[in-house]
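A lone chain, given as structure tokens: the form predicted on its own.
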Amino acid sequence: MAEYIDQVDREARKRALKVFQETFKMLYDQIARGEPPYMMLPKRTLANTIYDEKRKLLLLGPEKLKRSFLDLNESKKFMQTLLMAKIIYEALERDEYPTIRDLYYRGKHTIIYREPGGRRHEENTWDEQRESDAVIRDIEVLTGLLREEMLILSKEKGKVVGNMRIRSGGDVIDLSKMGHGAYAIEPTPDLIEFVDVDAEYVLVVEKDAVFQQLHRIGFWRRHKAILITSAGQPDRATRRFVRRLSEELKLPVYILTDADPYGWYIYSVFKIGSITLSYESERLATPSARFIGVSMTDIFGYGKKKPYLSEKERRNYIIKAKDADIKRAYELMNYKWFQTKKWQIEIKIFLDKKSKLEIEALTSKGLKFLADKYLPEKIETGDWIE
């Protein structure tokens, strides 16, 4: 198998192996000194998640936990962590590309032991994948490596098209020549090299169907955009890819979602990170991302701003909000990053009207309306929310 591994992957493996060796050497040193082995990990809890208003990122706070082999409350987690680290390390050495599901099965087994009196016991390493997934996240925190940097694969979800060439796996891929399809963002986006790009901004579309429509009519060609879809809640690879386009190529990033609390939360995941992965926000989030719509003020207007929809169109297109939507809106109001003046206006209009709108409603006015009026007009006039 080794002859098929390209040089970029080889270098990534070397880096990851070195980090593992340096990280877990501390346990060897502790044992060599006759000390009970332990690890110090940042706490991945809601209480230890903070919003850095200056950097506009969700980050892990300073609290740490001590995971000790001799602590009955932590010993199983300690052993799970070492078991998973061993499995990942061996996969790196063997030039393998495990998925998180593979890792779950590789570590899943039953340990049988007996008490001094002879009573037999069985203990599973883990019962469900959520347990092994949590251990992988602990290893990410402990080593400072993303699982993608450990060459752990996941299902491809995000897609991209645009006037851009990338190098992946030794091949140069022209993202402007994807036909009616698009390039599936690979699960190891840091191994992609940006060869050249001719674009003025990045447009991230929540919905794959709308992405396909915009792609088919050549939106990205006419407006010099890199067009991306997250196909709903974004996966890590898509978030990292968007972050790299912003950080390395200095391209403005605009997010287009449905006009509802779930769409707005998708925007915030791109912008400031997620609570679950707050320990990786510095590499996954794009603090400069702008919300371009669909907004409540686009639908109903506000102050001097005129709505994009007529009263008749509103009656035809808006959808009554469900209880879950309303509950989610109240949750967003309490998040610090949604407590800006513009976002408070959006959420209050939503709660007052108890109505939401899908992006597709704008295409009902004609796809050209969305592609050649709504989106370009909002970008040109600066009618977005940050």
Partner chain sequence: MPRRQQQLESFRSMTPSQFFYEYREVAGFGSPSRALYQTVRELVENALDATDVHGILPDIYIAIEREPENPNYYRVTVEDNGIGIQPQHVPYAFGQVLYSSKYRLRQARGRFGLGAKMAILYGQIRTGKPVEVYTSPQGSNKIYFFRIKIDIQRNRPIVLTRAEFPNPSGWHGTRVSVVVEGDWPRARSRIHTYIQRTAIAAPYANIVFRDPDNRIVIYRRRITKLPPIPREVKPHPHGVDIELLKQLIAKTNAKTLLEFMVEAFQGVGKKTAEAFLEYAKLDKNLDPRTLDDKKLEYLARKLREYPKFRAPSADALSPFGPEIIEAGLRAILEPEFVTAVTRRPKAYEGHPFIVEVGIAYGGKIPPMNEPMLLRYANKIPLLYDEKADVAWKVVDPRNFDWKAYLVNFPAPIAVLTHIASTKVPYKGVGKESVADVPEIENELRNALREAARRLRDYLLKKKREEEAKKRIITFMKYTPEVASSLATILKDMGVREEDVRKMLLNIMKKKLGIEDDKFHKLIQGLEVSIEE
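Residue numbers count along the first chain shown, from 1. Heads up, when I say rigid core I mean the largest set of C-alphas that superpose within 1.5 Å between the two forms. The structure displayed is predicted, hence computed values, not measured ones.
One more form of this protein exists, namely the form predicted in complex with the partner chain; it is left out here, but the text below deals with it.
89 is the sole member of 265, 254, 89, 300 with a non-hydrogen atom lying within 4.5 angstroms of the partner chain in the model of the complex. Only one of 63, 35, 331, 352 comes within 4.5 Å of the partner chain in the model of the complex through a heavy atom, and that residue is 35. Using a 4.5 Å cutoff between non-hydrogen atoms, residue 304 does not count as a contact of the partner chain in the model of the complex.
By the criterion of a heavy atom within 4.5 Å, residue 31 is counted among the residues contacting the partner chain in the model of the complex. Within 4.5 Å of any heavy atom of the partner chain in the model of the complex lies no heavy atom of residue 224. Shown alone here, residue 109 lies within 4.5 Å of the partner chain in the model of the complex, counting heavy atoms only. Comparing 235 to 243, 69 to 77, 265 to 273, 194 to 202 against the partner chain in the model of the complex, the single stretch with non-hydrogen atoms within 4.5 angstroms of it is 69 to 77.
Residue 143 is among the residues whose C-alpha shifts by 2 Å or more between the shown form and the other one once the rigid core is aligned.
Residue 27 is among the residues whose C-alpha shifts by 2 Å or more between the shown form and the other one once the rigid core is aligned. Relative to the superposed rigid core, the position of the CA of residue 76 differs between the shown form and the other one by 2 Å or more.
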